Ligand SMILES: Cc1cc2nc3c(=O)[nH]c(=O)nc-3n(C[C@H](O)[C@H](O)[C@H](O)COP(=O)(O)OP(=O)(O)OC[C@H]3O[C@@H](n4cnc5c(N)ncnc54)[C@H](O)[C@@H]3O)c2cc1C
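Just the one chain here, the form predicted alone, laid out as structure tokens.
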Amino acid sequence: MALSYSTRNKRNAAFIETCNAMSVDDFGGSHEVRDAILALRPFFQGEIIFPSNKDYDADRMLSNPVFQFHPIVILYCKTEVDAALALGLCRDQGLPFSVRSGGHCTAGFSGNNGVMIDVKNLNGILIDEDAKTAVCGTGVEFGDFQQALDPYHLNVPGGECADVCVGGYVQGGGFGFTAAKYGISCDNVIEVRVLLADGTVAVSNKDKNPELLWAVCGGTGGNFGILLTVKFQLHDLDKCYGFALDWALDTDQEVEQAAQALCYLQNDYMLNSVAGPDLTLQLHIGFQYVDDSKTKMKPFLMVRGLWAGDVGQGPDVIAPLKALPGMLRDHFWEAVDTFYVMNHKLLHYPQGMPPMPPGPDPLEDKSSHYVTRDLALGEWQQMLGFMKTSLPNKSFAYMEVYGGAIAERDRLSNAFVHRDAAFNLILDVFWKDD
């Protein structure tokens, strides 16, 4: 066949021309690496990006611009064989590499200065409605996954951020707005397929290679192989009830009222919650716009949650919270809808948390702490008061409330061992310049 009839042949020829125009320094100073990448091209279905590509600066970025990696090459895997070829290149040439699906790792582990293996295009979804299972590629974004599940009225705890991908999320554990009911996301994984260091693919479930399944579920991504697919056990979930409540933090009295509300939540709605596992809560301490003009911000405590039980019971479940002193009735909202719609509403209505300043994404750093003991009123007050010393859009704290099915699961059932935590406290800071 003539060269002109094959766009792939044209692509490969252009690639060779590009490589020939590059210095060996662009390949880490190695002629062997250059030759190996050239040899890879005819068999690699995805895109290969060098620093000279016009989109390289966008392609190399993770979700947080504080991480600035400059890989010598980015390999966008289109197929599982591509992933094996990419891994083989790194193994044979002794090249350091990282694996990226969504690029949301808060420690920046999905980036490096060697080879970046990107698997976001391994994004197929296969739903078995009768068996209530779904097989997802590691690059499936949770926005797409939750949308795909919505017509079937099925659910699995998933990432709140729509472009977080299955691969890294599951390997880190995975908290979502149905976690108290169904467990951390990795608790619902029944099988994985993993590309191992030697290039073979291991299938792992409770009967076959169970130790690998144990480790992948909550053991942190990039440690055991390249995750290719995840098979989830799904759960029936039609309509659900969502809500948000606010407490202002302007005055000392308001801070004390908000701290008392946190003590009440701690006693009755965290571990051993009176609401049972149907209620999943997330608490926020940060700045919000006070009106639609979005010109003035004030600090607030926000309590938002999802009730996955009988939607008619939802208002009764949170009625004691609404009655607490200081709750801002003009900020309260509640709604009933499918999980896909409700998850979006909880994250974005009446504004996203935290509200981001206009312009390019700010730089960010965060720290996470599992809290297993009750905090005293004075400790809650100290935390809330400290937040008031920050500038708007510069800091943010939130608590993912555990308990329910998370706590009920055996601590050593998988690598996610934080079963005794009342909540996970995440502290976040943002800045635009040094």
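In case it trips you up, residue 1 is the first one in the sequence shown, and so on. For clarity, every value in this text was computed on a predicted model and none was experimentally measured.
Separately, the form predicted in complex with the ligand exists; it is not shown, and the next lines address it.
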{"property": "Touches the ligand in the model of the complex: A258 (any heavy atom, 4.5 Å)", "result": "no"}
{"property": "4.5 angstroms heavy atom contact with the ligand in the model of the complex for N155", "result": "no"}
{"property": "Exercise: E160 in contact with the ligand in the model of the complex, heavy atom 4.5 Å", "result": "yes"}
{"property": "Exercise: F175 in contact with the ligand in the model of the complex, heavy atom 4.5 Å", "result": "yes"}
{"property": "Candidate stretches 241-249, 297-305, 94-102, 270-278, one within 4.5 Å of the ligand in the model of the complex by heavy atom", "result": "94-102"}
{"property": "Interface residue in the model of the complex among K394, R34, K388, K366, criterion: non-hydrogen atom within 4.5 angstroms of the ligand", "result": "K366"}
{"property": "Interface residue in the model of the complex among N188, S110, Q146, S204, criterion: non-hydrogen atom within 4.5 angstroms of the ligand", "result": "S110"}
{"property": "Sequence-ordered list of residues in 160-178 near the ligand in the model of the complex, where near means a heavy atom within 4.5 Å", "result": "E160, C161, V164, C165, G167, G168, Y169, Q171, G174, F175"}
